[in-house]
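The chain below stands alone and is given in structure tokens; this is the form predicted alone.
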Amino acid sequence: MKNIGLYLHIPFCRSKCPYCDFYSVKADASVREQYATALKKRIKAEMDDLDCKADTLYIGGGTPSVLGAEKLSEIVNSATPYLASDAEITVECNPYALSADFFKTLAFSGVNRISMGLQSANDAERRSLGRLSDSETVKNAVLDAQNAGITNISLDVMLGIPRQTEKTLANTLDFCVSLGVPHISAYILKLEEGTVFYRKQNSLALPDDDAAADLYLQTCETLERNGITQYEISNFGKHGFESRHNIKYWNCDEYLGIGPAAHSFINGKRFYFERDLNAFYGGAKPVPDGSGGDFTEYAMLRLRLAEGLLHSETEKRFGHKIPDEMIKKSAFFADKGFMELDGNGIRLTRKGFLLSNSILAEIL
């Protein structure tokens, strides 16, 4: 097997954000301790069984930082024997109540990338999103991480949130640029069933679709002017700072997910753990989720990338170039400015990214 990606899910949060449908629960110190112990055992069992290395480790959630630096370091150390020497090791953090020592401890354990939830640098917008800290706290957390030697930092930004305007978004993007972070993830708010925002959507004062599209294009243009280049629909990075772990998903490469709600793709098969903490404690096996990695799925994922779907890589993986019928359909959208075609392959334009689901449904 080639090197895989390893994802570890931490299903705990201090409070549930009104827009979030990821699996997470509140937990006291004893539950967090129990989970860390169970997760470390599961890492050993699963990775011993695969007998391969991971060149990316991503600890996501939930809010991994609620475990504290010591517990997170223990988890990283338990995975270290299975990691390649140059592995990218990412931990998601909520900047609330983090100290300089938190980042020093993570850096000492080998963590070399932080993904931090900013969402907005406008404190009124942050409060509407359920965030517990203000922008000054975020700034201090970024500086503490940088001073600890972790300079590969990604900030999450949300677009199309309640009462957001071009001016407030400009302030948020300026905030990100001023901190010198090399990566931004910028997502248009999606109302997920079962969330508070979904139930209250009629009273949220959300930008309409056209306004949200304008905010997206503003983000792309602002970040590009500042050397933070779009490489995926919602992700932007300085050269060399693209998320190696997430690129595995978009390139249809193999990854193993461990923890409640974590998904995996190994040996052409997809499977996942149920969203059930107690089942995970009980040693429940992952649930099969069918096969994966065929051309249609690969093309769909690759077309999320700015690089797009390439003839050379398609031929290497499937023994054929991009089918002529797909090229013909793409040409129609290219005439409208939604796609580009050349001798290397096909790709969505920035305008096309805004309609990606509809376009992909047509050409695939």
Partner chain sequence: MQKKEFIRNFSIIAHIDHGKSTLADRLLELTETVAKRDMQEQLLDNMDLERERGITIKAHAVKLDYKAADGNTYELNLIDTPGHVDFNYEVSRSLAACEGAVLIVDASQGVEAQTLANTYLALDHDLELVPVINKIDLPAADPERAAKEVEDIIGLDCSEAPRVSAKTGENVEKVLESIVKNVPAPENNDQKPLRALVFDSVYDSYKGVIVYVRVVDGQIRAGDTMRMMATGAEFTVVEVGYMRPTFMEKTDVLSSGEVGYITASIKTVGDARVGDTVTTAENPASEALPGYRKVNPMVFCGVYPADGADYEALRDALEKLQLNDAALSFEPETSGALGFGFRCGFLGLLHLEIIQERLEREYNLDLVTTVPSVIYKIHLTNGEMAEIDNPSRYPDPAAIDYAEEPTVEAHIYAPPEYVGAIMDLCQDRRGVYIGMTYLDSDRVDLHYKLPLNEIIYDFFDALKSRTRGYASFDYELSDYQRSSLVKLDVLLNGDTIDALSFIIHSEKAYARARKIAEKLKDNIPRQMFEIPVQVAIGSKVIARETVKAMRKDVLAKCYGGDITRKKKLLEKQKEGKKRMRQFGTVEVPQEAFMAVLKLDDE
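Here the structure is a predicted model, which means the values were calculated and not measured. Positions refer to the first chain, counted from 1.
Another form, the form predicted in complex with its partner chain, is not on view; read the next lines as being about it.
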| property | result |
| --- | --- |
| Interface membership of Ser356, its partner chain in the predicted bound form, 4.5 Å heavy atom rule | yes |
| 4.5 angstroms heavy atom contact with its partner chain in the predicted bound form for Ala213 | yes |
| Contact flag, Leu217 vs its partner chain in the predicted bound form, heavy atom cut 4.5 Å | yes |
| Its partner chain contact in the predicted bound form: Phe338, any heavy atom under 4.5 Å | yes |
| Candidate from Leu129, Ile233, Leu277, Ile266 lying within 4.5 Å of its partner chain in the predicted bound form - any heavy atom | Ile233 |
| Answer option from Pro162, Pro286, Gly292, Pro260, heavy atom within 4.5 Å of its partner chain in the predicted bound form | Gly292 |
| Residues Ala97, Phe103 and Phe197 all lining its partner chain in the predicted bound form, heavy atom within 4.5 Å | no |
| Interface segment, criterion being heavy atoms within 4.5 Å of its partner chain in the predicted bound form, picked from 205 to 213, 76 to 84, 144 to 152, 170 to 178 | 205 to 213 |
| Within 302 to 326, the residues that have a heavy atom no more than 4.5 Å from its partner chain in the predicted bound form | Arg304 |
